[in-house]
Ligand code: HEM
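Next comes just one chain, in structure tokens: the form predicted alone.
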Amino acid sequence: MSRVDLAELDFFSAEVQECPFHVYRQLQDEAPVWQMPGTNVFVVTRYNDIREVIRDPGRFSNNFSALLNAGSSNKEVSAIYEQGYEMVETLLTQDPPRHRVYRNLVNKVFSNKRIEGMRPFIETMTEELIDQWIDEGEVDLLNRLCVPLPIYVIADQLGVPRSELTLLKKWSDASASRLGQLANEQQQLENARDIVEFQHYFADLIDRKREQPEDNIISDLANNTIDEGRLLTKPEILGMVQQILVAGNETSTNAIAGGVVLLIQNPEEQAKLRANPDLIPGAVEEILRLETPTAGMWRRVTEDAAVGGVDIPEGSFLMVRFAAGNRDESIFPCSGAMQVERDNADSHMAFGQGTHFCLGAQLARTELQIALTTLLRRTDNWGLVEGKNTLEHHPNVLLRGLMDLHISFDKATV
């Protein structure tokens, strides 16, 4: 594609966000730490520069909530949020050592041992979801597998009935849209209503779990103590639950859907997995590298600093672009090509690194492995259904996920 004029580039435009990869390559070649014209925002696109930033929370803070709270001047939106609970710093926008206090409360839920123990349940749920459409020859895969599988899993961990699937997805999408900062005024209103609805639902659930504790995340957060014995406040719990809900399903949903598209577009790589399912764990890492569901994240500069030889003033914001780093040619040769046997695919940054390494990384990997393994075993001859797929992504600065995915298939013969 033709090179763009960096002095005129609107990096966060819908057009660039939908098809960003040629822009990533140009920035890496010409301005790997690039200041957006007229702003105090610097976009970081090279793998090693990103790695330096996210491993140094002292100079590059995760406390970027000022950006999130500056999304709308609409008084109606603000009035809706005033009906809910204030948003406080817990996991995503908290720095060490305070971040560790909150993270320790949920680490056990997402431990490798616990996730591995969940594998039979995830396998059964995947089989049951596929059973519902296996004889149809065509399926809205996004809404009949990619969305419900991670939502059912995280709902069970939170302690929410599976009957609330639709609500959980709606609340998660609203939270992701607010985080992504590209919502128009009408969407901002809908997001505000949905997020406040989410807050009141879980505030009531917190009260119930304090009276009748159970073995789930909500009950643990409602009854565990910090700071010399005090219970968490409702805003603290709601902030953590909101982040767990988004991280616990959006990444997996988007990776499963994106992975299927990649395998349809790369039939030779798909054939390798069908011939040798032992390659699937490595293929999952390659899918995460190429899809990078969390395309980027913010950092706030706490003191005058330099990254990649570029001076960055205190108070500036960095957009560390994981999706660009995951296609850095110096780290991943032929970076735009899918190679399910790529030796260093697991060096990707799809889950970040350092203190804020994604809490649900192992859960997402497990869900993706199981979903692909089961799909490949039970279906064959995948194709994109003509006229039903835009293959466009939700407008979002931070998260990348398909808006639709309809595939045709043959039921595999046993």
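Counting begins at 1, following the sequence as shown. In this text the structure is predicted, and so the values were computed from the model without any measurement.
Not on display, but discussed next: the form predicted together with this ligand.
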4.5 Å heavy atom contact, A255 to this ligand in the predicted complex: yes
Contact flag, R299 vs this ligand in the predicted complex, heavy atom cut 4.5 Å: yes
is_contact(N62, this ligand) in the predicted complex, heavy atom dist at most 4.5 Å: yes
Any non-hydrogen atom of P57 within 4.5 angstroms of this ligand in the predicted complex: no
Proximity to this ligand in the predicted complex, single hit among F317, F110, Y152, W133 (heavy atom within 4.5 Å): F110
Interface residue in the predicted complex among V160, A174, L92, I206, criterion: non-hydrogen atom within 4.5 angstroms of this ligand: L92
Segment that reaches this ligand in the predicted complex - one of 33-41, 385-393, 371-379, 353-361, heavy atoms within 4.5 Å: 353-361
All of R144, P148 and T366 with a heavy atom within 4.5 Å of this ligand in the predicted complex: no
Neighbours of this ligand in the predicted complex among 279-299 [non-hydrogen atom within 4.5 angstroms]: L288, P293, T294, M297, R299
